[in-house]
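The data below hold one chain only, encoded as structure tokens and taken in the form predicted on its own.
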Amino acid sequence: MQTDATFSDDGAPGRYGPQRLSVELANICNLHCSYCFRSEENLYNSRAEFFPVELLRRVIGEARDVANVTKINFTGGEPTLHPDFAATLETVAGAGMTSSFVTNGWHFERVWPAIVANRHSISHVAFSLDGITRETHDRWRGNGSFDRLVRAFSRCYMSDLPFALKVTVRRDLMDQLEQIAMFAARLGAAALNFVHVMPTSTAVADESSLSLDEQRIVEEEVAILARIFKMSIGVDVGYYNIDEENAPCSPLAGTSMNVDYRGRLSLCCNLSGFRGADEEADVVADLNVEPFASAFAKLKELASLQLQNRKAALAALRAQGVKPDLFTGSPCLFCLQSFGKVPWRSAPEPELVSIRGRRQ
């Protein structure tokens, strides 16, 4: 499975890019996408919360010294809603690191001056895309979203700022992958990353998520497109992967880690603030009161434990001659199930070394 470590959060086994930290800058978003896996509390809380710049300065300095972190990726919510977004970029630049961020593009014009001022330290921008026409994209994102997004693409392209498109492959987009790739290439994207839906309920699973067979069809098509187009095209981690020997993603490989908007260190941005989750066993420390060094040690222990759980579950099924189902074979879905993030799913969980009870 091809993917580019420069523009994708993860890659094929052994290719996870530089040591990096994802930081959730805000708990709010200006859009309301029905398939989003962030919880209502994280995105549409009546009380907006933003990651403090002073805490960011301390955390990334300690992360650089302790874990050799060189890259910061800002997420949310919508990161550009942070009232001191310029200061967050300046903080990363001042630490001698590079930054990137994922955005819906709605406020891109407003934050453009800050981007220009810190261009030397920004590796790329990733934009979320839900369709290649105004009608299809705005159906999910709201009126006016597509036009703002295309203007943002043009800003980046004309300024030689690399940008990537992130497309969540719902069932309604399965037959449009080639058209999406053509659209991305025409607009000048440097990378196109497809992402599988992270189901947050039975309804989302039935309406939008792909079955294992459908996922394989999509992944084969993406592999073909990757050979045809000059830009990097791939599927972000979460695709079906039953390799027992190698870490299937950067969090389990110890290459990436997440800090939520409250300042808590957790294993992965895909687990953080997951909609409908009962548990937070993926959270290892509150960096407001704990140094990064001791928190990072806990994170490595948790990653090692989860990697052990995954290997054991796959090995057990192999010994029985049973093909792993999607929730076992997909690293993302396996972790969601392991950490108690999908209580709506009635299927039995795999035998796990104790992860629960680690809530901070």
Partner chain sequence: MGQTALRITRTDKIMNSNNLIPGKHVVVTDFDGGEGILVDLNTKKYFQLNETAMVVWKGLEQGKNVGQIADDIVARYEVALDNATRSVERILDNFQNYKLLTAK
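Residue numbers count along the first chain shown, from 1. This structure is a prediction, so every number in the text was calculated from the model and none was measured.
What follows is about the form predicted together with its partner chain, which we do not show.
Residue 155, heavy atom within 4.5 angstroms of its partner chain in the predicted complex: Yes, residue 155 lies within 4.5 Å of its partner chain in the predicted complex.
Non-hydrogen atom contact residue 183 with its partner chain in the predicted complex at 4.5 angstroms: Yes, residue 183 lies within 4.5 Å of its partner chain in the predicted complex.
Non-hydrogen atom contact residue 178 with its partner chain in the predicted complex at 4.5 angstroms: Close contact is absent here: in the predicted complex, residue 178 is far from its partner chain, nothing within 4.5 Å, heavy atoms only.
Partner contact for residue 278 in the predicted complex: its partner chain, 4.5 angstroms, heavy atom: Residue 278 lies outside the contact set for its partner chain.
In the predicted complex, segment of 87 to 95, 141 to 149, 258 to 266, 199 to 207 with a heavy atom within 4.5 Å of its partner chain: Single hit among the candidates: 141 to 149.
Three-residue site 56, 74 and 119 fully in contact with its partner chain in the predicted complex at 4.5 Å by heavy atom: No.
Position in contact with its partner chain when the complex is considered in the predicted complex, options 274, 194, 101, 163, heavy atoms within 4.5 Å: Here the answer is residue option 163.
Residue (of 124, 171, 134, 107) lying close to its partner chain in the predicted complex, criterion heavy atoms within 4.5 Å: None of the other options qualify; the answer is 134.
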